[in-house]
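Let's start with one chain on its own, the form predicted on its own, as structure tokens.
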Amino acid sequence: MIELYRVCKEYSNGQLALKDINLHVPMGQMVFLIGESGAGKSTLLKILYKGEEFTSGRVLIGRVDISRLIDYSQLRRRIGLIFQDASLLPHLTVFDNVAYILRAQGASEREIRYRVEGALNVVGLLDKAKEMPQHLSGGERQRVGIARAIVTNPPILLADEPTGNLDPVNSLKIFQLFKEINEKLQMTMVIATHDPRVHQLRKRIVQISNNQITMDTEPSNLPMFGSLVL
């Protein structure tokens, strides 16, 4: 569970990034953060993975108050991160890019193969395991990035504008993939995007405008837009 209580973020120059953010994300829920660039979506995500400190309020992840943590590394291992740029290592194959974090954690080669093949299968790229990143399409590279984020089976997945570099067709495919992963693996997901078409996925949507939450709509209250067309 992710819980934010009256969270504010103000920079040293007086610029306000977030104001009185109250947000509860139950375990296993998928939430889209929508809003214009500069609204505060990325800042909120950075606070969750300790990329930035918040000025006031409380943030709890799994009922742990992160402001009281001296060592955040253990909690960060429970969070998968996905960004607009997949940032794959160009000299490594798809398999080795996904395996990188597992090797850094000292996993056995047997476990690495099992986990990496499982993650690549989830994103539909098992047949690309031996390919180099430069031979992949933009959508495929982002799928590798997703596989890398889920390979350790983290309970929480955070994504910041994950389709910002993709065309509309591939963007919708990536969003559909997130939905499938959420429903299959029950990962708690918070995905920041400015793409309004996420309404089609029938998931919870939280809108941030002028650094505040201005709308929080559960799936049952979302308007119908028809089926997702890929």
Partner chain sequence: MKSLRMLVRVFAESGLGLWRSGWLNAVIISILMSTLIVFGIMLEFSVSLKKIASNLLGSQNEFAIYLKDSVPPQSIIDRLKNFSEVVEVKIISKEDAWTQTKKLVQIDFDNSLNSMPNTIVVKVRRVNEAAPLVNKIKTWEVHEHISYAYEYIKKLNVIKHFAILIGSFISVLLAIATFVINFNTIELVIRARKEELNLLRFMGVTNWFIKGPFVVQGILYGLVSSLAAGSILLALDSFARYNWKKVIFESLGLIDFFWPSSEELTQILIILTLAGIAFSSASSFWATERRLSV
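Positions refer to the first chain, counted from 1. If you're wondering where the values come from, they're calculated on a predicted model, not measured in any experiment.
Form predicted in complex with its partner chain: not shown, discussed below.
* Should K130 be classed as touching its partner chain in the predicted complex when contacts are defined as heavy atoms within 4.5 Å? -> Looking in the predicted complex, residue contacts with its partner chain do not include K130, since no heavy atom lies within 4.5 Å.
* To do: Answer for F83 alone: is it within 4.5 Å of its partner chain in the predicted complex, judged on heavy atom distances?
  => Residue-level check for F83: yes, a contact with its partner chain.
* To do: Please run the contact check for F95 against its partner chain in the predicted complex: heavy atoms, 4.5 angstroms, yes or no?
  => No, F95 is distant from the partner.
* Wondering, does I112 line up within 4.5 Å of its partner chain in the predicted complex on heavy atoms? -> Taking the distances in the predicted complex, the answer for I112 is yes, it comes within 4.5 Å of its partner chain.
* To do: Name the residue from N153, S137, N121, S87 that puts a heavy atom within 4.5 Å of its partner chain in the predicted complex.
  => So the residue touching its partner chain in the predicted complex, by this definition, is S87.
* **Interface residue in the predicted complex among G28, P168, P196, G51, criterion: non-hydrogen atom within 4.5 angstroms of its partner chain** => Exactly one residue meets the criterion: G51.
* in the predicted complex, does each residue in the set R76, R103 and A107 place a non-hydrogen atom within 4.5 angstroms of its partner chain? -> Each of the three qualifies.
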